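A single chain, nothing else alongside it, follows as structure tokens in the form predicted alone.
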Amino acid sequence: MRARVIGEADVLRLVDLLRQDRQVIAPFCGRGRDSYFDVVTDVNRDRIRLHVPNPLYPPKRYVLPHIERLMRMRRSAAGLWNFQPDYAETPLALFGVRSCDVAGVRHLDRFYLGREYVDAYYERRRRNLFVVNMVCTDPEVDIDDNCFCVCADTGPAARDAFDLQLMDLGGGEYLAVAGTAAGEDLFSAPFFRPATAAHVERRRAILTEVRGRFRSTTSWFAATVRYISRGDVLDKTWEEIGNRCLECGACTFVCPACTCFTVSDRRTGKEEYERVRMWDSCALKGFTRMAGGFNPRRAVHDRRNRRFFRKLAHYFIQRELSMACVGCGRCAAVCHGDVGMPSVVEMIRRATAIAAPPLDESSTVPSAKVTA
């Protein structure tokens, strides 16, 4: 991948360059630590912030909208039905997206595009999407106690799925790395300068320092994948997790990697209807309810079981080549029952360790000696 250097004062010029042929979405700050993604306009462009607390509402909604019309259906006077698909093909740029959210988009790609069936609606939005990744380097703003992208191997710097990556090197300089040919084409702009070996070394040093800033609460992440995949998690552990769940669905609605949706037809006129796709959540009681009314996962702990099995079991990781968890920590931030991913990993670790059978005294493995 080729690299260039851009001055801090020229970042907005990069935004304006992208705005010439596409709509740009960028992060902004509200009051306190509130932050959000919004469309860049002539009025708000000066308020774009690259170092912001991670917005709770993920930018995945720009490639997989919360509510999306799929088609319109109209019946003519002759009684014939006309079906008209409603595709969105507006060129879009996500600017300043965190590495965890880039990994979320990559996971959506594998789910909606990487298997035997391709989602035509998602494909069109993704084809017209340009992603500018922003590396998390400010420990006071970019990183909080809920972040665990290091454990999920998604950050603090994305390794793929971006067109252009920006990293704050300090001293008013940003290192720009092209991830695709489309990103490399931007380097023809006059405000990009060649990167030197010193810039690359500075990048390595910053990443080494930043990785040490993350908490180790999910250091047993890989072990939890093993426990869930082998079926080692006890039923009482799932029940304890389920008893904490308030069934609000917040964890799934803020997750960059959740893919579940429902489809509904609704009337819009006398002989007109539309079909819409909406995000759905495994936390909601009606999620697994069948047409006849039977619900195989009526108990909340069964649905919590399914959620974490879906995200961490080896079967799904092998099928989609990535975990459906990107380490953003949003589930931990919004969960009132404290059953976000970090807490669940810790609960499973503790319960599985307690339930593990004791070592056989006749084992040939020598016991450790404890000395004062």
Partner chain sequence: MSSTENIYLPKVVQLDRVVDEIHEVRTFVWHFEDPADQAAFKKFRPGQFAQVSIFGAGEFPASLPPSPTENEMFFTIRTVGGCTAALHRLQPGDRFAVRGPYGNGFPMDDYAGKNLVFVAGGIGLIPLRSCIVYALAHRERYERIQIYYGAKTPRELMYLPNLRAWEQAAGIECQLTVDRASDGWTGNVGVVGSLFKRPGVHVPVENTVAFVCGPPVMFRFVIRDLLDMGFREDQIMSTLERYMKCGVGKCGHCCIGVAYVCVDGPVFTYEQIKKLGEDI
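Note that the rigid core is defined as the largest set of C-alphas that superpose within 1.5 Å between two forms. Numbering follows the first chain given and starts at 1. Because the structure is predicted, anything quoted here is derived from the model rather than measured.
Quick note: we don't show the form predicted together with its partner chain, though the next part is all about it.
With its partner chain omitted here, the record of contacts in the predicted complex names 115-123 of 115-123, 163-171, 234-242, 188-196, defined by a heavy atom within 4.5 Å. Although the partner is absent here, Pro85 sits close enough that one of its heavy atoms falls within 4.5 Å of its partner chain in the predicted complex. Taking the partner from the other structure, its partner chain in the predicted complex has a heavy atom within 4.5 Å of a heavy atom of Tyr273. Contact check for Arg277: a non-hydrogen atom falls within 4.5 Å of its partner chain in the predicted complex. Shown alone here, Asp145 lies farther than 4.5 Å from its partner chain in the predicted complex, counting heavy atoms only. Taken together, the three residues Gln23, Thr90 and Phe95 lack any non-hydrogen atom within 4.5 angstroms of its partner chain in the predicted complex. This chain appears without its partner; in the predicted complex, the one residue of Arg33, Arg319, His336, His66 with a heavy atom within 4.5 Å of its partner chain is Arg319. This chain appears without its partner; in the predicted complex, the one residue of Phe253, Phe130, Phe287, Trp220 with a heavy atom within 4.5 Å of its partner chain is Phe287. If you take 253-285 and check each residue for a heavy atom within 4.5 Å of its partner chain in the predicted complex, you get Thr259, Cys260, Phe261, Thr262, Val263, Asp265, Tyr273, Arg275, Arg277, Asp280, in sequence order. In the core-superposed comparison between the shown form and the other one, Ala197 has its Cα shifted by less than 2 Å.
Superposition of the core reveals a Cα shift of 2 Å or more for Ala78 between the shown form and the other one.
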